[in-house]
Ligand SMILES: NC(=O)c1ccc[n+]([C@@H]2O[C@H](COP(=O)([O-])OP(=O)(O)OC[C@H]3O[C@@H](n4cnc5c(N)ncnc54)[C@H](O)[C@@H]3O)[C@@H](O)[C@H]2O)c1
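Here you get one chain, nothing else, as C-alpha cells; it is the form predicted on its own.
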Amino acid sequence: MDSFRDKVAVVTGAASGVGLGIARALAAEGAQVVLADVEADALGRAASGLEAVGSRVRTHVTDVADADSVGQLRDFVMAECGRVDLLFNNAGVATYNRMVDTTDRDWQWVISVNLMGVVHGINAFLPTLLEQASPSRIVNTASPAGLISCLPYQAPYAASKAAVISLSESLAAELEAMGAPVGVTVVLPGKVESAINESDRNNPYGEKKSILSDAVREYRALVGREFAKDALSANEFGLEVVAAIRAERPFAVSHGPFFRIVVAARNERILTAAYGAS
C-alpha cells in the first residue's frame, strides 16, 4: 500500500497506547481514522488530540468482546465512510497471577478481548473487505509473549497472544489461496509505552489487581521497571507499524535485534528438547 491518503482505517483499543500511536501515524499520512474503544472519555480525548492537528477523525464506543458491538462498529464505519481499507484489531488486556490463583472469569475476560476481539473484528469486516475487491489489510496486535511462551504469571495473556499469531497466519494462508486482495500483518510490540499493565481497571468482573502472592507483585513491578528501559513511545512504534504495512510485511516488531535473539532461543529450546543438542 503505497499511500494512506484518504484510506479509511479502523483502530480498536485506540484511546491509548499502541492503538493511539498507530492512529496518529495514520492521521499524519492523511488517512481517515475511526477510533474505537470501550472507554468513552479516553476516546473523546484521543479524538480531540488528533482533530487539533487537522485530522479527519470519527469515534465509536466499542466492546470488542461483544460481537454485536463490533458489528455496530462496522455498520457505523460503512455509513460514515462507505468503505474500509485498514482494520486494526488492536484492543488488548492483561492480568497477572499464578495459574493456581487465576479464576475462570479472569481467563474468560482476557480471552474474550485478546482473542475473540480479533475474531469478532475479522468476522464483522472481512466480508466487506472481500466485496470491495480492492487492496486492503487486516492488522492484528499480538505480542512477543505469544512466541516466547515462558513468562510466569501471565498465562492467559501469553496464551491469547499465541492464538492471535496462529489465527493470523491461518487467515493469511486462506486469503492467499483465494487470491483475495486482503493482506494480513501481525503486530508484536515489545517494550512500547502503553497502559496495558493497568488494563484490569476494565475487568467487568471487578477482580481488579487480584494478585495474591508477593512473588507476583514483585514480578509485576519488575515488568514495569523493565518496560521503562529503552522503551519506544507509542508514537514511535506507530510509525514502525505504518512502515511495515506500507511494505506489506507479515510482521511488525519492535526492538528487532532483541526480538530475534529471544525468539531464536525459544525455538532452539524446543528443538533441543525434541531432538537433543545439535
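None of the values given here were measured: they were computed from a predicted structure. Position 1 is the first residue in the sequence shown; the rest follow in order.
Missing here is the form predicted in complex with the ligand; even so, the following discussion is about that form.
Checked against the ligand in the predicted complex, the residues Val77, Ile138, Ala124, Val93 give one hit for a heavy atom within 4.5 Å, which is Val93. Contact check for Leu35: no non-hydrogen atom falls within 4.5 Å of the ligand in the predicted complex. Within this chain, Glu240 is remote from the site of the ligand in the predicted complex, having no heavy atom within 4.5 Å. The ligand is not drawn, but in the predicted complex it has a heavy atom within 4.5 Å of Asn202. Using a 4.5 Å cutoff between non-hydrogen atoms, Gly190 counts as a contact of the ligand in the predicted complex.
Only one listed stretch (100-108, 173-181, 83-91, 128-136) carries heavy atoms within 4.5 Å of the ligand in the predicted complex, and that stretch is 83-91. Within 4.5 angstroms of the ligand in the predicted complex, the stretch 102-124 places a non-hydrogen atom from Val113 alone.
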